[in-house]
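Only one chain comes next, encoded as structure tokens, the form predicted alone.
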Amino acid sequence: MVEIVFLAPFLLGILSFFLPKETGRIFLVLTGAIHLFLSVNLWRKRPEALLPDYFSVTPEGLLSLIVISLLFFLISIYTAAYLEESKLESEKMFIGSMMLFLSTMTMVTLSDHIMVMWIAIEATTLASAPLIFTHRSKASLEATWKYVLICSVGIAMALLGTVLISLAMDVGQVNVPLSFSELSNAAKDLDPMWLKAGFVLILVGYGTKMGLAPMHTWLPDAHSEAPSPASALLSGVLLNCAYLGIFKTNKIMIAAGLNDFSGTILIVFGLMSILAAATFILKQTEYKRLLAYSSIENMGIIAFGTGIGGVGAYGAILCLIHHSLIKSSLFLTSGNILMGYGSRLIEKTGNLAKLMPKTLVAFLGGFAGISGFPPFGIFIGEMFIIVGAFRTGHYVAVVIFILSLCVIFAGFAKHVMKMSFENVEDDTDIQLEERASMIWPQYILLATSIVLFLWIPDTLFKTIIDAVSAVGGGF
């Protein structure tokens, strides 16, 4: 049954709270392997859900699920070594929360009912909050509360948007289950005024969790304070889950013939996010916050491409997949740098080429990938978005898009070059041995992005096409 994919990590996560630390690390990797097996099996067989009114296997859900599963498995391998090096006091809580976080994110990808989706996205907030508070410092406490409060306000607005969509059903005298698939089929009969109002609130609500500007303010603090494996999950996976709620709601808008309305709003929020990232990246002093603002940029790119539609929507899905792979690699690499140098400050981090050469390869590879250079997949995704924007006549928007990306690249490159090749002012004693389990997960993530740039398997390509065709995307 479909539900076992999120029930398994939930039950294993509860059990992990009662295991010794060393056993818990092994259990974490085992859970990642089991989840990956279940996800691949779900991809192959596409079974029916036990509760079909609430859960369903959709193309966009499958894409998110397989990315989540692969990332969690590789991150769990890194985490086992990370925990051994860092010696966290709250290790049991950290391991258990990661598994529960996996369960809730999986539930998001398989949710078809609009209220179950809302519950699952709210559950991701509750499961991930302890991960941000892991270090028990004043800064981490502030970041955790900021995350919980801002995202809770956002999720409340998404709930109100859901209520308005149900009101659009009542006014239009539509009597179907409150699921995304049924609402898309009956979208022509929904009242357009209430549907528009519901979409705006859902976009703002889930956009808060996705990190779209100006609702992004929780994200830099949370990513900066959370341990690096948690940051990799927050950026590489959680933001995708929030986007999935927006994507599915946008499907209803397009089916109702309101794609101009929803597309314009997505383009505006996308550009605002990219411009916000461009503004803050230039003057960043911490490399983890730098990566956080890069995530805001990439969520803006994805929203922009989705709003453009056509080949732009196809490019947005490609960016979604490759951002998860590359940004997770970068955050894991930042964990190595933080343990090696003992500081998050860029000015106190330098000469990686000499002091941490294996980490440098992953760091520069991640920088090239996230900046949109070939042979990494974000390059082709951004190219499709730009082509789509020109095809649809969004000339001013695409010029702003391109110029903002250039500014972000310049700011990012300045910080990366400093960290990689400039000498540190003080003598630096590197405190970390670059063991294989803390390097190879990043290499595999980057290699996966390169492989998917050069060759997309037929089944994956068909799933992407099926997903984007529902929002008017494709060639």
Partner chain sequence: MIHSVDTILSLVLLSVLFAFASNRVTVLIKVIAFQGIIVSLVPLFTSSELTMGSINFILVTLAIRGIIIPLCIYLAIKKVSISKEVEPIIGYHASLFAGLLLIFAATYVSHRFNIPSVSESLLLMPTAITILVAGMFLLMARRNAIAMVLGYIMMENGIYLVGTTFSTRTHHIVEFGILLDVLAGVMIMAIMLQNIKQKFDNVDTLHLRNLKE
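Residue numbers count along the first chain shown, from 1. These numbers were taken from a predicted model, which means no experiment stands behind them.
If you look for the form predicted in complex with the partner chain, you will not find it shown, but the lines that follow are about it.
- In terms of contact with the partner chain in the model of the complex, the residue from Val396, Ala139, Leu345, Ile402 that brings a heavy atom within 4.5 Å is Ala139.
- Proximity to the partner chain in the model of the complex, defined as a heavy atom within 4.5 Å, singles out one entry of Ala256, Met157, Ile380, Val311, which is Met157.
- The stretch in contact with the partner chain in the model of the complex, judged by heavy atoms within 4.5 Å, is 219-227, chosen from 312-320, 381-389, 368-376, 219-227.
- Although the partner chain is omitted here, in the model of the complex all of Val153, Val174 and Leu178 have a heavy atom within 4.5 Å of it.
- Contact annotation for Phe280: at least one heavy atom lies within 4.5 Å of the partner chain in the model of the complex.
- At least one heavy atom of Glu122 is located within 4.5 Å of the partner chain in the model of the complex.
- The closest heavy atom approach of Arg289 to the partner chain in the model of the complex falls within 4.5 Å.
- Contact check for Leu164: a heavy atom falls within 4.5 Å of the partner chain in the model of the complex.
- Scanning 140-154 for heavy atoms within 4.5 Å of the partner chain in the model of the complex gives Leu141, Glu142, Ala143, Thr144, Trp145, Lys146, Val148, Leu149, Ser152, Val153 in sequence order.
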